[in-house]
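Considered here are two forms of the same protein chain, supplied as structure tokens in two stand-alone entries, structure 1 and structure 2.
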Structure 1
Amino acid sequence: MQDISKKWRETLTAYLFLSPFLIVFFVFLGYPVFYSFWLSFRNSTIYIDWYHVFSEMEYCGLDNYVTLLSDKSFWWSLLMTFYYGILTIPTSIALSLALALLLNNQLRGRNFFRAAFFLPNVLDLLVIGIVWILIFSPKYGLLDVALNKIGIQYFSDHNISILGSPLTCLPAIAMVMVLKGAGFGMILFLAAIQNIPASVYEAAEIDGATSWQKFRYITIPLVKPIILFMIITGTIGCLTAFTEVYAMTINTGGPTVQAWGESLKSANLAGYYLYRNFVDGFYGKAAAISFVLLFIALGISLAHMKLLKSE
């Protein structure tokens, strides 16, 4: 009897301590998932004003999802997001791993380099994006000046920014993000590599393993969890990428390209496409997009986990 009341007292205390966290969680994170789902089956009939945006919503069944599937710019945004993922995820894993391997040598100033490479991660992405607009500018931007030096005159001759050309816009954004994020993966890889006992490598050396074999058969398998982690966070990062596009295309979505018989924006990633729909008042459609993105993220994450586990 006393035991039971003690148990309930503990539960009560526990919930009392948890209550601030849980209230915020259920109001601002739990409930929104369901609300978003509900919203994805509604349509706004009229746009009233910024403060009463959801007052005139009407049930519309699967309309939002159907519209999405027939919307070329949505498919385009998914395609561009996929392209962006291909551009960013493998390169940032490779760069992070390379930096970690370089910093895993005995050298003076290792802590300095580690801090310097990591520093861009904590800086404001919007600001970094805006600064890169300057660096990418034709004629006076550092990168274009460097390109001129090695004989590429294209951007200066046409007086367009590297971000202003449909072919280079998204790769340029990807490059900025890879440089900004490289230190993050580097720290993770470094921690993992330093956890590998030296005896493992010594044993391999006795067996006559080359440096490449040691890297391929010892280092890589042991940092695999980090690679998986980076793939999953990278996938989610690409699917929700917004600030970098907003900042570097000056809220336009990038230069226009003609494809599939329509004018499409070359850097219109899914996250930015969602934001545009939201700002333009298509709340139901925006909610539908967010669910499609959620399922893609879940699917990709599960697939990767399965793939890496099975190996």
Structure 2
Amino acid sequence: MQDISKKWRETLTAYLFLSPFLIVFFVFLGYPVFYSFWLSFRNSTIYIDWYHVFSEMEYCGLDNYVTLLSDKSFWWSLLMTFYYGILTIPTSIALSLALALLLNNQLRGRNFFRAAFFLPNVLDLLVIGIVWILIFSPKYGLLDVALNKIGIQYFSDHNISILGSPLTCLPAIAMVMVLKGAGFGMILFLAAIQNIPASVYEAAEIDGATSWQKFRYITIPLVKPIILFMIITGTIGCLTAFTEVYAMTINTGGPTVQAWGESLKSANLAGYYLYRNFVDGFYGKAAAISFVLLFIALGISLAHMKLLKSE
């Protein structure tokens, strides 16, 4: 009995110390998640009396979810998000790993370069977006001037920026995000590579392994958890991408394209589409979109975990 009472006292003491966090968690995260799920089954617009939210909202069942199935803008946003993921996730992993391998060597000034590559990751995304808008601007932008030097004058001749063309807008945003996040991935890969015992590489050298064989059969398998982590976080980042589109298209969603018989925005990613519905006052629909994106992210993450699961 004394052992049981002691265990209960220890448990209650632990919960007592955890209570500040638990209170904050349930008030600022738990309740909003529950409320968003409840909201997704309601016909909620900007005209609702927000002082009587639970009594004013009309129950509509699965209408918000069914509406998404026939919404071309929603499917277009998923398609653009998939395209954005293809552009960013593999490129980010490859660049981060390349930087980690390069800066893992005994290069002079390697600490400076590590800090320099990591620095963009801590900068505010809105600031980075404004800087790149200036770089991408036509005629006087740094990139357009450089392109003119090598004979590419398409953007100058048409007086449009790279962000103003539907063909280059989303790839340009993807490039900026890859450059911004490469430093963080580099740090993760560096930590993983430096934890690989040197004896493993020495044994491979004794067996006559080439540099490529050591990279393929030792480095890649042992940094696989980092690759899986970057794929999952990259997938979530793509599905919730909003700030980069907001900043670099000046809250327009990018130039317009004609697709599926409608005028659609070339950079209208799923996260930005969710934001536009919320801003326009379609709160029930926005809540439904958020949970659809949640289930998509869970499905993709579980699929990647099975594909990359360690033996």
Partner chain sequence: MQNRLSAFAKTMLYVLLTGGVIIVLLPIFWTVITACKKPGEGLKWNFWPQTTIVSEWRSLSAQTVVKEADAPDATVRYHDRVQFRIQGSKGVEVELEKGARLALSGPDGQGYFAGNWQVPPGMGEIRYRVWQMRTFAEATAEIYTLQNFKSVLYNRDFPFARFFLNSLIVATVSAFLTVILCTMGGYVFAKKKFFLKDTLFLILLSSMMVPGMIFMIPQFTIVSHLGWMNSYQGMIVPHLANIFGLFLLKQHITTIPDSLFEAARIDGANELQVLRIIVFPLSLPVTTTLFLLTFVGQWSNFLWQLIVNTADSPFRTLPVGLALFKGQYNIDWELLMAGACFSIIPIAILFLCAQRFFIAGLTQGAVKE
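Owing to the predicted nature of the structure, the values given are computational and were not obtained by experimental measurement. What we label the rigid core is the largest C-alpha set whose atoms superpose within 1.5 Å from one form to the other. Sequence positions of structure 1, starting at 1, serve as the residue numbers.
Engineer: Look at both copies of the chain and name the one that is the form predicted together with its partner chain.
Structural biologist: Pick structure 1; the other is not the form predicted together with its partner chain.
Engineer: Once everything's superposed on the core, is L298 shifted 2 Å or more at the Cα between the two structures?
Structural biologist: No; that C-alpha moves by less than 2 Å between the two structures.
Engineer: Note yes or no: does the Cα of F25 move by 2 Å or more between the two structures after the core is superposed?
Structural biologist: Comparing the forms between the two structures, which are aligned on their rigid core, F25 does not shift its C-alpha by 2 Å or more.
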